[in-house]
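Here's a solo chain for you in C-alpha cells, the form predicted alone.
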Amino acid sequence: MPPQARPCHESGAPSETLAVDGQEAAVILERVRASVDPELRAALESLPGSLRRVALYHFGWEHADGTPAAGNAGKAIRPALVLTAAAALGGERARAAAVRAAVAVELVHNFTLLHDDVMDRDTTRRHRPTAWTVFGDADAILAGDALQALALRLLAEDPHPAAAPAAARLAACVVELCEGQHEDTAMQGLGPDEVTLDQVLVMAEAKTGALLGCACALGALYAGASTEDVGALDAFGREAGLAFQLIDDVIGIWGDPSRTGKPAGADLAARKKSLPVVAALTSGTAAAADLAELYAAPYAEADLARTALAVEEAGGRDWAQAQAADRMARAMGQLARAVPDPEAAGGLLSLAEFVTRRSA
C-alpha cells in the first residue's frame, strides 16, 4: 500500500503520532548533521579568509570576531531530503555516495539566505544578527556568491556518475530560485489589490518548493533511479515545499519570537504579500477591506495586532493551514509513485510532516 497522507495539525495541539514523527525526524536530522557538517565545514574552510569569516558566522560556527561559537547552523532539512531520498531508492550505499550532493544543496540554500536577508533587510536569523548587519551588504552578498560557487565545485569534482546531471539540475534550480525571489520582490511594490493568489502560489513554488524538489531529485539521481522516479520525487519535494512555505508564512505572522528568532509580525511590518495575507486580501470579506487599508498605509507598530487580526478574520490563517494539508496530500501521492513501500518511504514522510507541523 502507498504511504498515506496524514492531516497537518495546528501548532500547539500536537498528537501522540506527531510526537513520534517528530522524534523520527529529529533522529534523521541529527544523523544528517553528523554526515554533512564535516564536509560542509571543510568546504567553508577552503574559502579566502574574509569570505570564510562571513560564512562561518552565518552558519553559527564563529562569532563576529572570528572566535569559535557553538551556534545553530539550521535544521539541515534540505540535505536530509537528499540523503533520505537516496536511501529510500538505493539503500545505504547510495546515501553515503550522496553526501557531497547534500552539502551542495545546503550551500545553495544558505547562499539564498544571505542574499534574501540583504534584500529584505532582515536583521535577525537563527537568534543572532544577520551577516549583512555585522559585515555589511557587500561582504554578505559576496559570501553568498562564494557559497553557490562552492556548491557547484563540489559536484564538478565528484567522480560519481550522477554528479554531472545533479550539477545541471542544481544550476537550473538556482535560476528558478532567482526568478521566484525576483517575483517576490516585485510584488512588494504592488498595491494590495494588484496581486492574485495564483501569482503568489507560483512565486512560492519557485522560491521554496524548487529547492526541496531539487534536493529529493538529487538523492534519486545518486540512487540511480529512473527518470520517472526522479521526476516524482522532485514533485514530492515541490508540494512539500509549498506546504512548508504556507506554514512558514503563518509563523511569520503568528509565530513566537522566542522560537522563531525573528520579531513578532515581521512579515506584516514589511508589508509582505505572504500567502495568508493574499488569501485574506482576495477573500471579499469586510476584514479584507480593512486589511487592504492597513497594507496601503505605512507600517505603524500600534496597528500590528489589528493587522494580524484582519488577516485571521478574513480567513487567511485557516486557508493557509488547509492548503498546507492539501499540498501534503499531493506530496504523498507523488511519493507513492516513486517509493510504494511505506517502510522505505517513512523517512521522507517524517521529514515532510516535520516541516509542515512545526511552530518555529
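What you see is a predicted model, and the numbers here were worked out from it, not measured in a lab. Residue positions are given as counts along the sequence shown, with the first one as 1.
There is another form of this protein, the form predicted together with a further copy of the same chain, and it is not shown here; the text below is about that form.
Asker: My question is simply whether Ala167 lines the interface with a further copy of the same chain in the model of the complex - judged by any non-hydrogen atom within 4.5 Å.
Answerer: Although a further copy of the same chain is absent here, Ala167 would touch it in the model of the complex, with heavy atoms inside 4.5 Å.
Asker: Looking in the model of the complex, any heavy atom of Pro48 within 4.5 Å of a further copy of the same chain?
Answerer: Judged by the heavy-atom cut-off of 4.5 Å, Pro48 is in contact with a further copy of the same chain in the model of the complex.
Asker: Using 4.5 Å between non-hydrogen atoms, is Glu179 touching a further copy of the same chain in the model of the complex?
Answerer: Yes, contact at 4.5 Å.
Asker: So in the model of the complex, does any heavy atom of Ile141 sit within 4.5 Å of a further copy of the same chain?
Answerer: The answer is yes: Ile141 has a heavy atom within 4.5 Å of a further copy of the same chain.
Asker: In the model of the complex, do Ala149, Ala156 and Val174 all put a heavy atom within 4.5 Å of a further copy of the same chain?
Answerer: Every listed residue reaches a further copy of the same chain in the model of the complex, so yes.
Asker: Name the residue from Glu194, Asp256, Asp198, Asp145 that puts a heavy atom within 4.5 Å of a further copy of the same chain in the model of the complex.
Answerer: After the contact test, the surviving option is Asp145.
Asker: From the list Arg126, His115, His109, Arg271, which entry has a heavy atom within 4.5 Å of a further copy of the same chain in the model of the complex?
Answerer: It is His115.
Asker: Which one of these stretches, 115-123, 246-254, 86-94, 284-292, sits within 4.5 Å of a further copy of the same chain in the model of the complex when only heavy atoms are counted?
Answerer: It is the stretch 115-123.
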